[in-house]
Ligand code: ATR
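Read the single chain below, which is given as structure tokens and is the form predicted on its own.
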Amino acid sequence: MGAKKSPPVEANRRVRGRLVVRGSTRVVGIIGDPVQHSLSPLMHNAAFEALGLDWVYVPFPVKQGALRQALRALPALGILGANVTVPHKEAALRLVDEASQVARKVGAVNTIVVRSGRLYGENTDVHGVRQALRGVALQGSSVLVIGAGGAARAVLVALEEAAVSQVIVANRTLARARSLQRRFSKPGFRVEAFPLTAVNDPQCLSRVRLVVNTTSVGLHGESFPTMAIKASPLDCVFFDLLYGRSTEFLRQARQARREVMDGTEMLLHQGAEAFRLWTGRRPPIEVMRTALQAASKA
């Protein structure tokens, strides 16, 4: 009789309920500061297990001054890719060897793929926003975007693709809002800059179909400025990019009986697109969604 064949590595991802990492395991992860709160490891590792892939996704806490060294170490360590989160997305664009047109337009990279030792930068946040909003009729509408950072730029690119006609950008620092106005406004897609107080202006809220909070206000339970929500149309949707928590932004909208969304679907779909870029495989969306929902309830 011939020697007994060993089962494929894919069949041995777990031994006695524990994840097994071998020398053959392919590694990807997330780079940021902080990263301990991220649900991405749970989501991606559930996806790898569902498809029987010998891959693992791990968090890499990287301080702001160490990003260059961390990114340059990826090929040397055999790491095949990484997500990039705050505060590194904009700096990552300057450090990759090549970036997609979307990443350059947003001005930020949130996904890196290592190809033949080179770092390719992508921004899958735009895809995440687009998919999260696919059930909202936005063509020809007006939208209020709160914040003017990298996340706001990704939202603006997605809104432009959705044929929104007007975007009001409200930000504490008006100069940053005006910077987005200059960068993105064009015929058929008008971007206007307002101070943050616009969120409490009934005239401003009365003409929008969607309000998006792209700021981190609420991440640690901070109070959110009072919004003139009752002036908004009854079908106006309030979308907070923060996920897994009931923020003050969402609580105000719920109290006014408006439809609300947190950032879970955006997180899911930006992660699914990163999964596809790294593995070349179709992501198991429902498995990833279930992992996120379970983690959010824990």
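Numbers for residues come from their place in the sequence shown, where the first is 1. Everything quoted here is computed from the prediction, not taken from an experiment.
Below: the form predicted together with the named molecule, not depicted.
**Student:** Looking at the named molecule in the predicted bound form, is some heavy atom of each of Gly149, Arg176 and Glu222 within 4.5 Å of it?
**Tutor:** Heavy-atom distance to the named molecule in the predicted bound form: all three under 4.5 Å.
**Student:** Can you work out which of Val106, Val217, Leu159, Leu119 has a heavy atom no more than 4.5 Å from the named molecule in the predicted bound form?
**Tutor:** Flagged contact: Val217.
**Student:** Which residue among Arg130, Arg172, Arg190, Arg207 has a heavy atom within 4.5 angstroms of the named molecule in the predicted bound form?
**Tutor:** The residue in contact is Arg172.
**Student:** Of the listed stretches (197-205, 135-143, 91-99, 164-172), which one has a non-hydrogen atom within 4.5 Å of the named molecule in the predicted bound form?
**Tutor:** Checking each option against the 4.5 Å cut-off leaves 164-172.
**Student:** Need the contact residues for 113-129: heavy atom within 4.5 Å of the named molecule in the predicted bound form, sequence order, or none if there are none.
**Tutor:** Result: empty, none.
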